[in-house]
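Next up is one chain by itself, shown in structure tokens, the form predicted alone.
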Amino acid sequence: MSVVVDAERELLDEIRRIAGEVAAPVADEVDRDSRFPIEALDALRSAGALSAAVPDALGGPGASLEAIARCCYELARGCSSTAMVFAMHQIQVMTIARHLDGSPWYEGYLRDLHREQRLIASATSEVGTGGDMARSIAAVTPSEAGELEFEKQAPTVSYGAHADDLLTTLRRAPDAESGDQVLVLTRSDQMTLEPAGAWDTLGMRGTCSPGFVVRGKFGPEQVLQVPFSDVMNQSIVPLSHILWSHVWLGIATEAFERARAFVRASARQKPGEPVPAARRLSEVMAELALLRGEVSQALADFIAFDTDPGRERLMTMASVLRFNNLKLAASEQTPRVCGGALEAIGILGYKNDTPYSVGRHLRDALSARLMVANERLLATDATLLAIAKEA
């Protein structure tokens, strides 16, 4: 067994322990109180898991995308919000690592992240853009003190108040077009977050994602020089859909397992008699298999696309369609599995105080359709299908 494989196995073993022993016992409380899952994040820090994706050349473990995705899945079985925070953080880490472009500042930052287990949030949505991540209103602006600065109205910043650093999309300059964007990383002592709303939601309550007016002052070396359009297509969009879908698969799997436990308990109570819920459970299992197959295949497809020189395949319309469709399929299938599990269990799944409760799982799963709204993706796919030679 190679050192890398052994390290990833140890990482997954520790993630499973955190999911089961730390995250799961407080998941209902995190949801009920809409509070940040601080216990789980502290445990992830102690395990060094926040730097799992930092390349070994920069002092980190250099875990593979497959390992990170599996971590998201395992955490989601314990606590959806913990898993989503972990997934979003790892998306930022991997994005930076994949687009360093020889930047000493960013290389130094990743070393610091590994040593200090820093948590990165992102501000990519903006009031006034209609949810279009490919456009920005706020811009990198020279300040009177000779620094650079920005002010951005972000309708949501997931776990922003709990993050150490923030990765923000901005126009390259005050006179730049809305699509001429860059990413800027600011540390907590370089920015202020002015609350612009509360986070009282149906699901994913522990992600603590209200809106903020974000202001930052920073040096020019903190601007990632690779055009955001390349970063978005090669990293942010596909990695987001892949890791999010593993979170959703974990939620769906846990809901299914609760339904299976209910059916087994029912069968033990009346040996030899048919269990009416068993047939519905078999239908849910088929739905879960479809979800698992799509998520697994999309991960394999990304790895294959990513081997091309210059990541050219990730810049194609076929790639955009592929990973948009992953998001669409997974975000639609996950609530179906959770809803089917609820139907199989019945009232004990509907109640919040039973070991078979799946209400939290269903509510968390419904958020999947809204994270980059499915209607927006369907409209994009419709346009691309008319012109793309391959799909």
Ligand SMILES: Cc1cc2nc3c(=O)[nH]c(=O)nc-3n(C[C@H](O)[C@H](O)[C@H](O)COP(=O)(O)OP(=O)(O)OC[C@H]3O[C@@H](n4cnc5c(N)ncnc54)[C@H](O)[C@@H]3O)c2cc1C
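Predicted model only: the values in this text are computed from it and were never measured. Start at 1 with the first residue shown and count on from there.
Keep in mind that the form predicted together with this ligand is missing from the display, and what follows is about it.
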Quiz item: Can you check whether S229 is within 4.5 Å of this ligand in the model of the complex, heavy atom basis?
Solution: no
Quiz prompt | Interface membership of S122, this ligand in the model of the complex, 4.5 Å heavy atom rule | solution = yes
Exercise. Consider G131 of the chain shown here, and say whether it contacts this ligand in the model of the complex, taking contact as heavy atoms within 4.5 Å.
Key: yes
Self-check item: A373 within 4.5 Å of this ligand in the model of the complex, heavy atoms
Solution: yes
Quiz item: Pick from 199-207, 295-303, 101-109, 174-182: which stretch has non-hydrogen atoms within 4.5 Å of this ligand in the model of the complex?
Solution: 199-207
Quiz item: Between the options V157, C71, A259, L243, which residue brings a heavy atom to within 4.5 Å of this ligand in the model of the complex?
Solution: V157
Self-check item: Contact residue in the model of the complex, chosen from I236, A97, A277, M88 - any heavy atom within 4.5 Å of this ligand
Solution: M88
